[in-house]
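Just the one chain here, laid out as structure tokens, in the form predicted on its own.
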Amino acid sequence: MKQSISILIVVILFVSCSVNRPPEPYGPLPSERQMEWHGMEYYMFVHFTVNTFTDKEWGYGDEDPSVFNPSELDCRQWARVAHDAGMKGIIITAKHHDGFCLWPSQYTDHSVKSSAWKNGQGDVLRELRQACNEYGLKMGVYLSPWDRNSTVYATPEYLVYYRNQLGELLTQYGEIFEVWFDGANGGDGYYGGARETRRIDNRTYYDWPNTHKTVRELQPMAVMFSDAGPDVRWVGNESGIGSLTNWCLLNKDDMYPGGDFAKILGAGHENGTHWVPAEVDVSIRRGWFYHQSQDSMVRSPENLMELYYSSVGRNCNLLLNVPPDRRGLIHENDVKSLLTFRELRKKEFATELAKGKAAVSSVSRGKNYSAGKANDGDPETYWSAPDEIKSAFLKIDLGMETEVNRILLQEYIKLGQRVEEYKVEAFIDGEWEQIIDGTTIGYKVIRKFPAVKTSQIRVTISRSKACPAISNIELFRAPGE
């Protein structure tokens, strides 16, 4: 009898421990640097170079450096605007395709050191670094692989030149959170006076693995962006629209910057081999660089709000380009739109309705992973089901009839992206009514729906690759709808 009781106790303890242990990680996982990047969510792109003064989008590479002469350049104003707009960083075009460098590179004269600005003694990158530090922002750099000014572009010698410049950016300007590699590669250019067309094989020419190695060695916490990552991928368009189905996964070994992959980059690969989440890059104006003719064409705060839902709300980060004008300042129209957009977001998400409310689930893997972990406001806790369960629901009791028209969902992505399909229902007049459905969740999705008056919301994970792990559910009643 005693032996039977002992065996039963062992079995109970084993079952208890197994259901209270965390789920095993599933599939590719985000690195620490990628987790920090996910948390950035929204930051500024700054396109600024000789094009600002020649009224072009793509400079040819033959520009006289003296044309770069902002009359009132103030990186502190950029940083202040970014901070006040709720952004968490700034990525600057340190060198665009024209080859002009915003820092005094020792490897070329086609830079600020040959400009009229500050009599050649200026350094935009240095001033931006100081401004970002002052306003608590992270800083990133864009270094165009294509250089229409360089005499040696399209030869092996250019790779040495390019990596030397990359080394300057990654060793002289403090911590860099993102290194941005464009996909534009080769074509006509000045090329030191040759004025010809030069083509390269963008699969092999840049020897990307060794360039990536340079970044890893010099800035180990920086993520690298390109069409194919290796850390962050392009969303596949410049319209500000992420895919409703958006896997953070990608078969990146089959891809390369500048390849014809736009159609698949939005959704990613459901069974991808690497964690390579999507970034939405879009401009607040029609162009990427400042043009006076576009001063009346700045995106409205309402349009920026829609971009927010179609980017951050679809498991992407939003990189919003805001180009300084010829003064070297962010134009007043852009500033007004950005700050009003910030106020719209504040109103949209002013009151969170779900935090701390009674929550139950159809099943859980134990008290450490109960339903209440999904709405306790702690991103490090999560509800999860037992290993064998891939479909389950969470129900939040609002305590009284409440109007709701927004829901925010997050997976605990440190264990991988799992959810394949979900739906949200509201308890209305004694019945459950579906208000939205969806596919992937990932780091974060935010969904809008017509306002409903309900006392309970039910989130059902219909299909999941492995037992679901939901870290956050938030509910809102946004105004005006």
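Throughout, we count residues from 1 along the sequence that is shown. Because the structure is a prediction, the values reported are computed rather than measured.
Although not depicted, the form predicted in complex with a small molecule is the subject of the following passage.
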His47, His96 and Trp288 each touching the small molecule in the predicted complex (heavy atom, 4.5 Å): yes
Considering non-hydrogen atoms and a 4.5 Å limit, which listed residue (Met297, Ala184, Ala116, Ile264) is close to the small molecule in the predicted complex? Ala184
Using heavy atoms only and a 4.5 Å cut-off, determine which of Tyr142, Tyr309, Tyr205, Trp103 is in contact with the small molecule in the predicted complex. Tyr142
Based on heavy atom distances of at most 4.5 Å to the small molecule in the predicted complex, which listed stretch, 66-74, 408-416, 428-436, 39-47, is the contact stretch? 39-47
Taking the shortest heavy atom distance, is Glu348 within 4.5 Å of the small molecule in the predicted complex? no
Can you work out whether Glu238 and the small molecule are in contact in the predicted complex, taking contact to mean some heavy atom pair no more than 4.5 Å apart? yes
Partner proximity in the predicted complex: Phe393 to the small molecule, non-hydrogen atom cutoff 4.5 Å: no
Proximity of Trp180 to the small molecule in the predicted complex, heavy atoms at 4.5 Å: yes
